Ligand code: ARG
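Single chain ahead, by itself, as C-alpha cells, in the form predicted alone.
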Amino acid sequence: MKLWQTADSMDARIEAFTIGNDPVLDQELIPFDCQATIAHVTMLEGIGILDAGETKKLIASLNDLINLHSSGQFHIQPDQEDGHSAIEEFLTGRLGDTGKKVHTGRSRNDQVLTAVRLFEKSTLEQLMALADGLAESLSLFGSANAGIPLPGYTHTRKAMPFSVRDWAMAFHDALKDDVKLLKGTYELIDQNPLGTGAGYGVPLPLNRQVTTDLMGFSRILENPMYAQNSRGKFESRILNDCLMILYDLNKWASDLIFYTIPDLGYFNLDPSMVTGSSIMPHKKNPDVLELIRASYHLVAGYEYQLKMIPANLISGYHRDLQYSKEPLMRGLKTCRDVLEASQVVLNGLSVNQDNLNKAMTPELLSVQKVMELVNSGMPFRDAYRQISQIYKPDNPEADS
C-alpha cells in the first residue's frame, strides 16, 4: 500500500495522473531524502521512539541505500510513486517493523520539502563555485589581452573605443554580483522545515534543533504553515537568481556571436566549439553560444511556472505544489549546464589582434575630438556641431 492509502484500490488512470513524473524527478533527491531520514531517526531515538539498536540498523541501511544510488543500483519503481515510498519500502524490506517506524513524526509534505531544500543548498553551492570560477577565468582572459582595443557599439553601430580587457571585466563584475545574489538566497532557504508536518506541526515532542544541526541548516523554520507557504516562493527566488546569471551570459554569448562573425573576426572560437551545416559545407556555426543565449528564455519560463503554481491557493499544502519540483530542477540543471559550457567556450576563445586594430576606425574618436575642443574653451554644443560636420557623408576628413 502507498504511504497515504486508506482505500483498498485506486483507479489506475487517476493514480498514474497523480504520480506524474515524480519517480523520475525524485531519483535525484534520493541522497538528500536519505540524509534527512538519517537525521530524523537519530532524533527519534533521542525522544524515545526508537532504541539505539533500531537507529543503528536504520542508519546503516540508509547509508547502504545512498551508496547503491551513487553506483546506479537503486531506482524508484513506477509503482512506488515517489522517493519517500521507495526508501521506506527498502527499509521495511530489510528491517521489517523497524523500517515501518521511520515515518513517525513526519508527513510526506515536510519530508519532500526537506529533501528539496537540501538539494537546493547543494546545487546553489555548485552554482556559486562555477560562477566564481568563470568570473576568475574572465579576469585572466582580460589580463592576458590587456592593451588590445575593441570597438564599443551602440545601436549595433561603432560608438567609442573600448578594450578586450574591459569587455571581459564587465562580465567578471556581473558574475560577482550574481554570486552575491545566490548567497542571499542561500541564506533565505537555509532553514530546516523538517518537523512541520503538513503545515500544522506534529503532536510529538520532536527535537528540531537536533535535525537542524545534523542536516547542516543554520536555523529552524519555525512556523509550520510558512514552511508549506514558502514552496514556490523560495523556488522562484532561486530561479530568478539563475536568471540573472543567464541574463549576463545571454549578453556575453550574443557579443561573441557578433564578434566571431567572419566579416569581423574580432575573436576566434576553438574549432571544437563550432558545428557544421548539413547542406552548406563552408559553415562554422556557433551553436553552443546560441543555446547559451536561448537558455535565459527557457529558465524565464520555468520561473514563471513557479510563480504561478502557488498563486491563489489558501495556506497549507495542496497537490498543485507537486508541479513545482520539475521547473525548479530543470532550471537549476540548465543554469549549471550553461555555466559549465561557458567555461569551456572561454577556455578555447582567442583574440584576433590584427582585425581589432583594423577595426579601430577614425569615427570612434569623435567624442575625444569634441572633448579636446571643450578643453580648449569651446562650448560643448559648438564643439559637437563642429566635429559632426566631419562625419557627414562624402566628407574626406571623415577617414583621417
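So that there is no doubt, residue numbering starts at 1 and follows the sequence shown. All of these numbers come straight from a predicted model, not from anything done at the bench.
This protein has a second form, the form predicted together with this ligand, left out of what is shown; the following refers to that one.
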Self-check item: Of 211, 109, 295, 236, the one that lies within 4.5 Å of this ligand in the predicted complex (heavy atoms)
Solution: 109
Quiz prompt | 252, 302, 267, 317 - the one with a heavy atom within 4.5 Å of this ligand in the predicted complex | solution = 317
Quiz item: Counting only heavy atoms and a 4.5 Å cutoff, which of 80 to 88, 270 to 278, 170 to 178, 134 to 142 contacts this ligand in the predicted complex?
Solution: 80 to 88
Quiz item: Counting only non-hydrogen atoms and a 4.5 angstroms cut-off, does residue 322 reach this ligand in the predicted complex?
Solution: yes
Quiz item: Does any residue in 221 to 240 get within 4.5 Å of this ligand in the predicted complex, counting heavy atoms only, and if so which ones?
Solution: 231
